[in-house]
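Only one chain is included here, represented as structure tokens and corresponding to the form predicted on its own.
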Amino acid sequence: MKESIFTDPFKKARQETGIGEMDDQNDPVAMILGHKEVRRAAHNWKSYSSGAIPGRIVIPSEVNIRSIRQIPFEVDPPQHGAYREVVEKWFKRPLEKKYEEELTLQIEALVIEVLEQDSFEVIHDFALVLQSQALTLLFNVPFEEAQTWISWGTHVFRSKDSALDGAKANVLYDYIDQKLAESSSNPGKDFYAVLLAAEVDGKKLSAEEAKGVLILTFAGGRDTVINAVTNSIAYFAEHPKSLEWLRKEPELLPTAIEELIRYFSPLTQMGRVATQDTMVCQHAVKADSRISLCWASANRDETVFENADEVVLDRKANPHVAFGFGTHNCLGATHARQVMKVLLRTLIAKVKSIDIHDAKDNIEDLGDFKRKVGFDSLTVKFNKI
């Protein structure tokens, strides 16, 4: 099987019942699988709350390693809107010309560097580096700060030996505390200073609220961006004609990016907690139990996407939910799209073809479902134009 083929493990359950079930640390999850049903539930925050105990809506649950609420991710309306308004303008900065120019310089330098190598490991030596360096632009901090973030690895809460590593999480928490303290005594023009100066409903954000925003920013767009970058490289390695097609028709890049994100769905699902007894696809859901919005399944719904299990780079209608849907759509989507756009634009300009030397899959164990979400390692060679 080709490395860039990601099968849909949810198809049978989606077609037959619309629901999947999994256990997460003795806290069961009813997984909503259909596109229409996922979007409907994402809208219905009154029945399916994000404002549960901090960490509970994440799968796997982070309740045992995190007590601080991620903001605005773990907050329901109307508070959610007030918090989001504080940071939304900052997260739109990737659309600015100067930001894109600096991002282009970063990514071009990285691609040029690996072009000189006989082979390189994509996850740790390319995608993690790219993601961390790009994040310095989002934070508006010195480029050198990326080296610290690279040292944390591909996930801030997970390690090789543990799906939830409390000691590793504490490294992030201590780092944020230090940066907020430094900014408080000597404010600059970075994201830390913006948060410490921000007000919600006439009151400044508390240190804990600012920390909650920062935890979300560091954690939320890390392994997801790494997956998107790595999986796309695997795809173009096995579909050189697609790379050539985009080289000849670069105007297709925005459409191609949305399709790659739909197909690979870097984040499988996100949870909610039921506020009342309800029914989902004729499945009883008790109050205070968990459901999940399974983005990966919804993005393969054959009733919505023609040839759903194929990458169609010029797909015309693409209502994917890979960045979430409704009130809690991904705050970092603009940054992620810019990263992908600049990366693909650089690849078609400098890389003729890509050879895969070795690959090891990253498989998520979701109860009855086993889903390939990306790679644990991927070794490739970029061939120059």
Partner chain sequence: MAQITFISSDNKSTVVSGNSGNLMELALQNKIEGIEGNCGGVCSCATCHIYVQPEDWTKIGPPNEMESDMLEFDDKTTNYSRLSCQIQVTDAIDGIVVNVA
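Keep in mind it's a predicted model, so treat the numbers as computed, not measured. Numbering follows the first chain given and starts at 1.
Same protein, other form: the form predicted together with the partner chain, not shown, and the subject of what follows.
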| property | result |
| --- | --- |
| In the predicted complex, the one of E258, E244, D76, E145 near the partner chain [non-hydrogen atom within 4.5 angstroms] | E258 |
| Position in contact with the partner chain when the complex is considered in the predicted complex, options K36, K360, K46, H357, heavy atoms within 4.5 Å | K36 |
| Contact flag, P319 vs the partner chain in the predicted complex, heavy atom cut 4.5 Å | yes |
| Contact label in the predicted complex: K98 to the partner chain, heavy atom within 4.5 Å | no |
| Close approach of K92 to the partner chain in the predicted complex, 4.5 Å, heavy atom | yes |
| H124, heavy atom within 4.5 angstroms of the partner chain in the predicted complex | no |
| Region of this chain that lies against the partner chain in the predicted complex, out of 250 to 258, 148 to 156, 192 to 200, 228 to 236 [heavy atom, 4.5 Å] | 250 to 258 |
| Contact test, all of K11, R290 and H328, partner the partner chain in the predicted complex, heavy atom 4.5 Å | no |
